[in-house]
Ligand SMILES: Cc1ncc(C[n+]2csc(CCOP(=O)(O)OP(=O)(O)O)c2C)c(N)n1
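Below you'll find only one chain, the form predicted on its own, shown as structure tokens.
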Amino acid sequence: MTERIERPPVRELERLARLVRWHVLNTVTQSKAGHIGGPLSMADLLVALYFSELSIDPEHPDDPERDRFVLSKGHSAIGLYSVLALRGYFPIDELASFDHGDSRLQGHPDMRLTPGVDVSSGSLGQGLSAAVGIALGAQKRGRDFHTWVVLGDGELQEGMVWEAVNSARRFGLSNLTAIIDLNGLQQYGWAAQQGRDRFDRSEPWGHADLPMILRGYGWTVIEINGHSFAEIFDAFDQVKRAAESGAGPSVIVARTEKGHGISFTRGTYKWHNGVADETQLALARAELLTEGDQS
């Protein structure tokens, strides 16, 4: 039976987010393939969703009444897998099989293989369209579940995203919420402009008023620090109020830091992907894990 769990203390959520970040880096290091920066920037957002907000049941991942989640930035799959494992969808030890040929945990999410994955993704820019379709289907059939989708800021450059933005408002999808992981870095891009960009590459949306654009399309826009659980929870509460009032789709614009949580990965495009060496892995372990944490 799907249900939301009681919201854990912030300290526990912060601990879980550190564990997620450790599993991301350690798994990619052991598998020698995968992405780092994007999974780390969205870790707090996913922990908050899966451990406080989504109405789900890991023992019945296909329950028709469950909330739906779409990871549009599918290359960040190891971040989602780490959260799913900690939430109980499959054993944590299974993370060691990440990106292997016979694994359920492929480099991009596959709904045919992985418990808890609602949409196969990886071709950037498509996730919001899938989420719109799910939410529209629920609306037409009178179903009560909510659909959530996490997008990267780089993929917002795809035209398909904006067709979906327009359609969601046109159909009045109050049962749909997008979260934009606005970490300001993509794998490739122009050099940063001094005084205008946060990091070492130009931000995909650093020179545009993205919240204003989304409001212009008729979405309810909530701006937050995507690493503050207090602000994330406040945003979730605002989403509920907007949904109950029939205000149409909502979007949480979460300002984050790529590679957040590990000293040598934060704020640099060079850790969009990569494999840590043993010295770096030991440093990350010391920064992220405390006594009693699973390693």
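Throughout, we count residues from 1 along the sequence that is shown. Not measured: the values here are computed from a predicted model.
What comes next is about the form predicted together with the named molecule, which is not displayed.
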>> Can you check whether the pocket is open or blocked when the named molecule is overlaid onto this chain using its placement in the model of the complex? Blocked = 3+ ligand atoms within 2.4 Å of backbone or C-beta.
In response: open
> Exactly one stretch in 132-140, 161-169, 92-100, 185-193 has heavy atoms within 4.5 Å of the named molecule in the model of the complex; which is it?
Replying inline: 185-193
> Can we say Arg4, Asp57 and His146 each have a non-hydrogen atom within 4.5 Å of the named molecule in the model of the complex?
Replying inline: no
> Pick from Gly152, Gly127, Gly79, Pro109: which has a non-hydrogen atom within 4.5 Å of the named molecule in the model of the complex?
Replying inline: Gly152
>> Since only the chain is shown here, I'm wondering whether Ser123 would be in contact with the named molecule in the model of the complex (any heavy atom pair within 4.5 Å).
In response: yes
> Is there a heavy atom of Gly226 lying 4.5 Å or less from a heavy atom of the named molecule in the model of the complex?
Replying inline: no
>> in the model of the complex, is there a heavy atom of the named molecule that lies within 4.5 Å of any heavy atom of Gly38, even though the partner is absent here?
In response: yes
>> Since only the chain is shown here, I'm wondering whether His272 would be in contact with the named molecule in the model of the complex (any heavy atom pair within 4.5 Å).
In response: yes
